[in-house]
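First, one chain by itself in structure tokens, the form predicted alone.
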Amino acid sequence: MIKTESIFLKALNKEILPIPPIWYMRQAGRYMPEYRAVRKNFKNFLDMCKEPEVCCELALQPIDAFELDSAILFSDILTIPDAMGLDVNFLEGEGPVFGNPIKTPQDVIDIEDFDTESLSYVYKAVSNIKNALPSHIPLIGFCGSPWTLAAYSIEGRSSKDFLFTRNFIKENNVEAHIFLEKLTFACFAYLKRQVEAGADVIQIFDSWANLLSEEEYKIYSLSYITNLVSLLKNDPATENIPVILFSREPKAKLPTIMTSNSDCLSLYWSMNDIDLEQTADKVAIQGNLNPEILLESNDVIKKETLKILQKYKNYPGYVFNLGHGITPNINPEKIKYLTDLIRST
């Protein structure tokens, strides 16, 4: 376990800090020229994710450039479906495309069991990154939420409305829950191995929470996230590892999402109507500057950032982050300006 001198871990432990720790979702990515120089060597994005030494290099790039307070594993949330035989490829201009998606109820029954060893390249990347980091910088491991993995696996690609997936879970409700349960246990086994390899913190990305109504969210997403968090909290290998939950634009309110028992809730950029009296001392908060603000002038960035910093100034456990990932059109100098601004305030 990393030393508690990490201000990131202090914040996750619900401590009030004079300056919040800073890291950014998608902090390693296409906005960095250093990243693009590496990426051009790989035709398929997932092939790059299967090279532990390359993943280590990419994870360290934003740490070296901006001296952030945490690193995050460089990988992808779709490693689990790929390992379960769904044949994930990333096509230029299209994103992930599944060669063998879930299309029938029988596909759920026939899907390969998740073999944790099939993702040994991820655990090697975790250990490489951990060994390369300074002792006071924690490493975040992650997975997609069971619902998000299911949505991709059934739809077979990214989609604006995931209509096929939404119809599938209604028409094949029993099999939908069987699949979500299989994915929950796969996520747990995967995260456990990441922790054993050196991850200090876990983040769960519920990237398609916004597809569901509030009631559907409780049934198909939150209940399985809650089960996953419970598995982590009740296993000796992972019981002391903080868990962050990022739900993208969920229909449910924060008190409902808090029932997941996650240690920290990462807020989507539009989640601003927060009653801090309901959350204080119960859960840490992470977020939630709109990434598009970083396309504006420094004056606008400063104005919007100071609003957030003022709001959470005395909050017991606050981590500065964006309300979604850094987009490819962001100038790295804006990230540097934002980081320096937070530390100088």
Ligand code: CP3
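Because the structure is a prediction, the values reported are computed rather than measured. Residue numbers here begin at 1 and follow the sequence given.
Omitted here: the form predicted together with the ligand. The next part is about that form.
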item	value
Selected contact from L78, L211, A176, M84, since only one has a non-hydrogen atom within 4.5 angstroms of the ligand in the model of the complex	L78
Proximity to the ligand in the model of the complex, single hit among Y121, F90, F164, F114 (heavy atom within 4.5 Å)	F90
Distance check, M25 to the ligand in the model of the complex, heavy atom within 4.5 Å	yes
Any non-hydrogen atom of W147 within 4.5 angstroms of the ligand in the model of the complex	no
Partner proximity in the model of the complex: G29 to the ligand, non-hydrogen atom cutoff 4.5 Å	yes
Close approach of G95 to the ligand in the model of the complex, 4.5 Å, heavy atom	yes
Output flag, Y35, F45 and Y152 jointly within 4.5 Å of the ligand in the model of the complex, heavy atom basis	yes
Candidate stretches 269-277, 200-208, 187-195, 235-243, one within 4.5 Å of the ligand in the model of the complex by heavy atom	200-208
